[in-house]
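Just one chain is shown here, as structure tokens, and it is the form predicted alone.
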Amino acid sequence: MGLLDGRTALVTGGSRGLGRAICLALAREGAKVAFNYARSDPEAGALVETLRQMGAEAWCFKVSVLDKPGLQGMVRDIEARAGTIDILVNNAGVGQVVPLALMEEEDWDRMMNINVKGAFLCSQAVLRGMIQQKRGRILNISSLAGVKMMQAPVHYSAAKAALKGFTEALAKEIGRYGITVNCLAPGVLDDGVSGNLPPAKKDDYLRHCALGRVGSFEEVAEMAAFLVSDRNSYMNGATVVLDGAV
């Protein structure tokens, strides 16, 4: 028996990186897995094939997290195939290393749109079904940069901090329907956005990390799978920091 047997999950930004690892972890725990992606058709197709080879029902959708009609159509399609969406993981996000003095307004808007507005639109798209079934799990993927004072791009830190506030407010609003909303804030990982970290900053992180190493996509994905499972039934509005103790 897996943690997520009989559940259907939607992971945003699922075709590669952390999103891909989360899709794989959820499938290993027995979930049907759907994910959206923006650009990489070969990677998305390969992941669907991998998930199906694992024995999971799996679907992918090429739709932006900022395309409200497209998201609504995706949700209807998933519900028609699977019946309900029980789990939403708001993982889609972008990073950019640029100082505030050189930041363009478009840089700020893109960061806020994809990381924050995308989570709002995707959550809104699945909530009607979750409220009707009076059950659901929403997990927002934030970052250590959004919960601790650290040297990180201002617009990235602001966007990830916004997800923490979004989590807490939404948890209060929809808890009465049996839906939990939590937030997962990883520290520096061995790939993805953390790959843009200058060597000196990475070394400084490692000096302060009690475990003396960076984390992996797989470690974050395993925590995500637990957080959206029924074994985690009373946590709500919480932000879990996964950073090896910095």
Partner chain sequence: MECSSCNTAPSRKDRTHTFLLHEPSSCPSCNASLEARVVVRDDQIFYLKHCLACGPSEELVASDAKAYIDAFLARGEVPAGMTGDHLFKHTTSTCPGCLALTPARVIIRAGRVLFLKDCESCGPSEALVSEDAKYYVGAYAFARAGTEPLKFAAEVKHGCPTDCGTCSDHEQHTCLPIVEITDHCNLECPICIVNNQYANHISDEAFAKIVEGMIQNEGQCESLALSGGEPTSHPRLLELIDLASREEIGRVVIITNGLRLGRDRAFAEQLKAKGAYVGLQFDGFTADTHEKIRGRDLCQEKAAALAMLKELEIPTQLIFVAARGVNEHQIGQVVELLLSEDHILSLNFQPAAFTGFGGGNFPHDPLDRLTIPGVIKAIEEQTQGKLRASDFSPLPCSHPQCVSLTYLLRLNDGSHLPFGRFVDFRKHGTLLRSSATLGASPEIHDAMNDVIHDVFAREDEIPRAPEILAALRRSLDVMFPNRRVTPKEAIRLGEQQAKSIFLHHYMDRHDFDLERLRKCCHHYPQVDGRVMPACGFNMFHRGAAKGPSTPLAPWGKAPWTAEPPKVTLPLAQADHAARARLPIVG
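Residue numbers count along the first chain shown, from 1. Values in this document were obtained by computation on a predicted structure and should not be read as measured data.
Although it is not shown, the form predicted in complex with its partner chain is what the next lines describe.
Location of its partner chain contact in the predicted bound form, chosen stretch of 159 to 167, 88 to 96, 123 to 131, 142 to 150 [non-hydrogen atom, 4.5 Å]: Among the listed stretches, the partner-contacting one is 123 to 131.
Its partner chain contact at Val75 in the predicted bound form, heavy atom, 4.5 Å: Output for Val75 is no: heavy atoms all beyond 4.5 Å of its partner chain.
I'd like to know if Glu173 sits close to its partner chain in the predicted bound form, meaning any non-hydrogen atom pair within 4.5 angstroms. Taking the distances in the predicted bound form, the answer for Glu173 is yes, it comes within 4.5 Å of its partner chain.
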